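The chain below stands alone and is given in structure tokens; this is the form predicted on its own.
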């Protein structure tokens, strides 16, 4: 492997090997150690699980950690546009920022969310792709505008751990949230489930479809893996689900228009995963969420505290899956 931007860019047999290795690590297998190598972690946005799991992974592998953050007290504001006259707030161009960090570390992991102002700008993933282009070392996406592959790999690992069949039914359900949230997790969740060959359902209110280009990719992955993809706004689409994966995201129709988007979303507070929803799914259904989650907004206490909830397993598997990714990248570099 030479970095990780989007899980579906990796051939499925390699993903399966990463999942198998993650499960070995979960059962106590020691991580491979790479003393003298360095892992850079650059966060432009908040993090709990991603930050803690990558730090712990680096420690288990004997890696030196270089951890940086954006914003006040962190790295300089970074410009991504080419040929721009830099006479505004950004003090450093991604060409130099990425190039310098690439001289200091062997792998660079970056988190950079959407700006949420212009969909055409955001869909190019300018900051993450700028680091990929200019760092000169493998880059791991710790969540960008479009994708969160580390979460998706941990979710695949969790389903294998729970012995959820490859052809099981996977429902990604929209849930109400007081803010318009990014698209990265739902995009990666869908592509992961389609790549795994599952019967995938997107349960969302009308007007909350995901990016058409991503949905086209999901349809191709489902066709190649023997899975399927459908979209519905009906509660009965949860029936027979093995996984009910809750996530919130904003409406593309109101992208960059927060007041109008909030007004559009306001009547949808009943879109919450409750006991009634899980009963509609059926007795085998497991509840998934990437965390953090707003209790009694996105999901009721009675669901997230129940034996059907797998959120802590998902979170723990972030550590094991990320060690598997780091091992694969470092082994590849060692072989060169």
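Positions refer to the first chain, counted from 1. Model, not experiment: these values are computed from the prediction.
Another form, the form predicted in complex with a small molecule, is not on view; read the next lines as being about it.
- Think of it this way: in the predicted complex, the small molecule has a heavy atom of just one of 309, 69, 272, 50 within 4.5 Å, and the residue is 50.
- In summary, among the residues 65, 291, 29, 268, the only one with a non-hydrogen atom within 4.5 Å of the small molecule in the predicted complex is 291.
- Segments offered: 283-291, 301-309, 30-38, 55-63. Contacting the small molecule in the predicted complex at heavy atom distances within 4.5 Å is 283-291.
- Using a 4.5 angstroms limit between non-hydrogen atoms, residue 204 is distant from the small molecule in the predicted complex.
- Contact annotation for residue 318: at least one heavy atom lies within 4.5 Å of the small molecule in the predicted complex.
- Interface membership of residue 148, defined by any non-hydrogen atom within 4.5 Å of the small molecule in the predicted complex, is confirmed.
- Although the partner is absent from this view, residue 196 stays clear of the small molecule in the predicted complex, with no non-hydrogen atom inside 4.5 angstroms.
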